[in-house]
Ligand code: GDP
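In structure tokens, the next block holds one chain alone, the form predicted on its own.
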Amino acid sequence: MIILSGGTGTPKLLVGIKKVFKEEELNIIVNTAEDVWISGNLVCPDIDSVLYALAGVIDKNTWWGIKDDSFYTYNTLKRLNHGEPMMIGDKDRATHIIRSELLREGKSLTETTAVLARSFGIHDKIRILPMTDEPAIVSTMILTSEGELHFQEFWVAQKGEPDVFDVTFEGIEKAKPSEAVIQVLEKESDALVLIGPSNPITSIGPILALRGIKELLRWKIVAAISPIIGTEAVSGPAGKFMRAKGFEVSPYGVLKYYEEFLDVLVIDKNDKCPVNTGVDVLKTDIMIKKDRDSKRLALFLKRNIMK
């Protein structure tokens, strides 16, 4: 299975997928357009959420960062008039330091992610693949009532409050998918591609915007899980972003966003979606609050899509 992942929703699902599917079957392609250099270290929020979720150390109150982390360094830097745009925990910071040192040694982002995965005890058969090996070359920019903001400034500093008029991926025309991503999509010819329930616009959108990716997906069986229930995003600013890009905030809006390559859409059991769209629509309880919910949804996918 090939999984396209951003933050929050997909890492939640990965907890259950790891229990239901064989680990050697998992190839996870992860968004890097929200990556940012902070205090000399590269922070990769979506990659880290995948790492921490699979390692069982993620903070399940926020679904980012490491559980029971401390913030001595962050607070000390603040007292020394070196404020950081993100509140980075001490254990979390260690990940960024190791990543950045490995990059400076000449390793690729894919290679550094594999090193970190092994360090966190993640099975070496699970492949966690950054969408590109060009660190922070793509930046998700949000055009708002407060001006154009990097995603992290919009979501962290501004708490997602400004009105959103547009979303763009700065640098996307210069970026190329990593060799590992292309290899997986080309060689895993029979593998299902699962788009996790992350924000379609800013978590999955940058992966799809890389040249050649959509063309490869058109030749595969692609299933997506809606991150929208009713007319509201399960979490995060997906609703604002979908409206800004001209899509209805609904499961149907998700279908329309992915429609040029989508074969199956999984929506909530109480939702509706127009039929005769050329996409098979499956219904189940898609809300993930506990690990058992994640496993239940993973089992549903195995029984109804992987058959």
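The numbering used is simple: start at 1 and walk along the sequence shown. What you see is a predicted model; the values in this text were computed from it and never measured.
The following text describes the form predicted in complex with guanosine-5'-diphosphate (GDP), which does not appear among the structures shown.
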Contact of F154 with guanosine-5'-diphosphate (GDP) in the predicted bound form (heavy atom, 4.5 Å): no
Touches guanosine-5'-diphosphate (GDP) in the predicted bound form: L265 (any heavy atom, 4.5 Å): no
Close approach of S235 to guanosine-5'-diphosphate (GDP) in the predicted bound form, 4.5 Å, heavy atom: yes
P227 within 4.5 Å of guanosine-5'-diphosphate (GDP) in the predicted bound form, heavy atoms: yes
Contact segment among 197-205, 92-100, 77-85, 164-172, judged by heavy atoms lying within 4.5 Å of guanosine-5'-diphosphate (GDP) in the predicted bound form: 197-205
Residues of stretch 2-20 in contact with guanosine-5'-diphosphate (GDP) in the predicted bound form (4.5 Å, non-hydrogen atom): G6, G7, T8, G9, K12
